[in-house]
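Below you'll find only one chain, the form predicted alone, shown as structure tokens.
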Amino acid sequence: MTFFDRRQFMALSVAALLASAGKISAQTARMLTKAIPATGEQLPVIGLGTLEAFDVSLTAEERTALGEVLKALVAQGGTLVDTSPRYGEAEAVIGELVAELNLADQLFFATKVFSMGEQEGVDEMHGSLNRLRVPQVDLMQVHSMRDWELHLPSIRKLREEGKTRLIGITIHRDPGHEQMMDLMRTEDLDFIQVNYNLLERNAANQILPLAQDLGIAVMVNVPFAKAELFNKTSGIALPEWTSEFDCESWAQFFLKYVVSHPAVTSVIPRTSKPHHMVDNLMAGFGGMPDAAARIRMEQFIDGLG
């Protein structure tokens, strides 16, 4: 397949991208999946984050674009959609589009509880189910571990009621890693969600190995360090050696680095653009960087200053 950077993707139609992606899918059978230790089920490694991207008013143009994002996710074997009541209208937008496109049975829904207070948290979680228009979410997480002492028991009760299957906690920046590890050791968790990317690698020092030891699935957020990784590589050609692991864009470079870590289960790059969704999804196909290639990737990014 010819190399495309993200600007070249802009020039192509979503239909053309999906056709091209379909050729890759046919050649490599399916997207890479990894097992969720708690259940053994296989989760595709590339998912969708919805912070800001899905907090929209759903004009006709926005509806079409976001619908194409969801259709692209499913078309290439992706399932994971991560959201939160803190993300404005995102849950309601997802719920409306998923119902309209009849995709609910094909998706793995992950959302969060953010409110302070026990009853406030319970009400918020039930509100999420209503906004997403589903009787059960696959994963309920305590957003930034906020009021976790109250929310984790509430989530367990929600699981007993059949309204969620899995329990997790999240963090999106390095401060908080120590508290996360304490909870990983003391609470019965199925998932953690943590920041990890080529510029923020501290999670690999302790959190990721601990997750492996304890059998906790890992979802990675901010894989692009917001936009900083794209800013650092702007105008720079992708190294030729990236072809060794079937990498054809900077987005795939950043995502393949994340999901090739043995402890990482999935990653949730956020986007509202169908062509970016397809580009991101292609990171889940083909070869993955081995340990030596991962070091080379780190050295390359570090060398950019």
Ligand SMILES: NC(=O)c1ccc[n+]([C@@H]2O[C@H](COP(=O)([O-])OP(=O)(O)OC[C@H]3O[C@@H](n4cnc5c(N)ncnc54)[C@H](OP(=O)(O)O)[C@@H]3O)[C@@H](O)[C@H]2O)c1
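A residue's number is simply how far along the shown sequence it sits, counting from 1. Computed from a predicted structure; not experimentally measured.
The next section is about a form of this same protein that is not shown, the form predicted together with the named molecule.
Judged by heavy atoms within 4.5 Å of the named molecule in the predicted complex, the contact stretch among the candidates 216-224, 184-192, 152-160, 116-124 is 216-224. Among heavy atoms of residue 212, none comes within 4.5 Å of the named molecule in the predicted complex. In the predicted complex, the named molecule sits beyond 4.5 Å of every heavy atom of residue 109. Within 4.5 Å of some heavy atom of the named molecule in the predicted complex lies at least one heavy atom of residue 268.
Using a 4.5 angstroms threshold between heavy atoms, residue 170 counts as touching the named molecule in the predicted complex. Note on the partner interface in the predicted complex: the residue among 70, 258, 251, 32 having a heavy atom within 4.5 angstroms of the named molecule is 251.
Residues of 65-90 placing a heavy atom within 4.5 Å of the named molecule in the predicted complex, in sequence order: 82, 87.
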